[in-house]
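This document opens with one chain alone, in structure tokens, the form predicted on its own.
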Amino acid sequence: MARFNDGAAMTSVVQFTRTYLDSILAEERLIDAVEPDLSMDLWGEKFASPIMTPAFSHLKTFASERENGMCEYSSAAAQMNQVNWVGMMKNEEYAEIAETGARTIRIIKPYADHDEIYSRIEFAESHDAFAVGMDIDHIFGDNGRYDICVGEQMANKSMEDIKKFVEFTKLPYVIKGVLSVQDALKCADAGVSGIVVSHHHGRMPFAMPPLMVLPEILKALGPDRQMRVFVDCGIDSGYDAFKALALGADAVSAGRVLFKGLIGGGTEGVKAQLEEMNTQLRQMMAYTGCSDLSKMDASILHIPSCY
């Protein structure tokens, strides 16, 4: 069996996620269909689309051509009125993101030092963050030990820890990296405002595609759930977004697909990429009779029995 750290298992996870997404088919519903409205309400605010930016970190590694890629894609989200996410960064870097005016969800690593977590939450609050949260899928590294990320020690997080983070902030608190019913229910019990169903681009070998476990999570949470459920990983088009939304996700984050626009055109390139995805989503909603996001449901989709 290929070792995870040689990249083979991660590649397999990413490829299977792509294959699973592509296998999901949709039926047409054209009679009485109208042009759809893509707008989304989230935590008391209205956005133009349920397609969000990803919680990128370390863009100097992945998009070294850009002087400040995170500010550029955040500016695109602000101008498009779409929710913005950012990942690991120092407080002074987050201050630059805040200046773009994007409604930003700041994801904080699961640091061993809880004072560091609280400090970054407080800084996000003081700089008008839309929400804050943590990516629990960065607790462990590929050796099965607590991760060390950019020299910072990570550590396990209990339900009691998460409850304390939720209670500490006045903002909605999001847990990113949920890939099981068990963790979703624990998040709900901890009072979390939202979860991101995600395998973090294949950090765990043989991880299931987020859309495969999403229906199970939603069923377990029940129809009266208060917690919002988002999805990322493999959302490369508005067609992918449509499938996730029809399966019950409240919103999705595009990911590495935005690199093309960012590297080639900065803010304008990301805006063009987001607009293309919005157009694809609108197309699918129109062809399937979904006049707005509330009209989407899984009966539109057909998943091959081999899955």
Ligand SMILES: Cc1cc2nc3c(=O)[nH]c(=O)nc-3n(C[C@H](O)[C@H](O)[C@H](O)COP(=O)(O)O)c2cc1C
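From 1 onward, residues are counted along the sequence shown. Fair warning: this is a prediction, and the values are worked out from it, not measured in the lab.
Separately, the form predicted together with the ligand exists; it is not shown, and the next lines address it.
- Think of it this way: in the predicted bound form, the ligand has a heavy atom of just one of M212, M88, I117, I162 within 4.5 Å, and the residue is M88.
- At the 4.5 Å threshold, heavy atoms of L59 reach the ligand in the predicted bound form.
- When contacts are judged by a 4.5 Å heavy atom cut-off, A55 counts as touching the ligand in the predicted bound form.
- Contact annotation: H200 falls within 4.5 Å of the ligand in the predicted bound form, judged by heavy atom distances.
- Interface membership of G269, defined by any non-hydrogen atom within 4.5 Å of the ligand in the predicted bound form, is ruled out.
- Heavy atoms within 4.5 Å of the ligand in the predicted bound form belong, among the stretches 140-148, 120-128, 94-102, 231-239, to residues of 231-239.
- The partner is not shown here, but in the predicted bound form the stretch 92-130 reaches within 4.5 angstroms of the ligand through a heavy atom at I107, K109.
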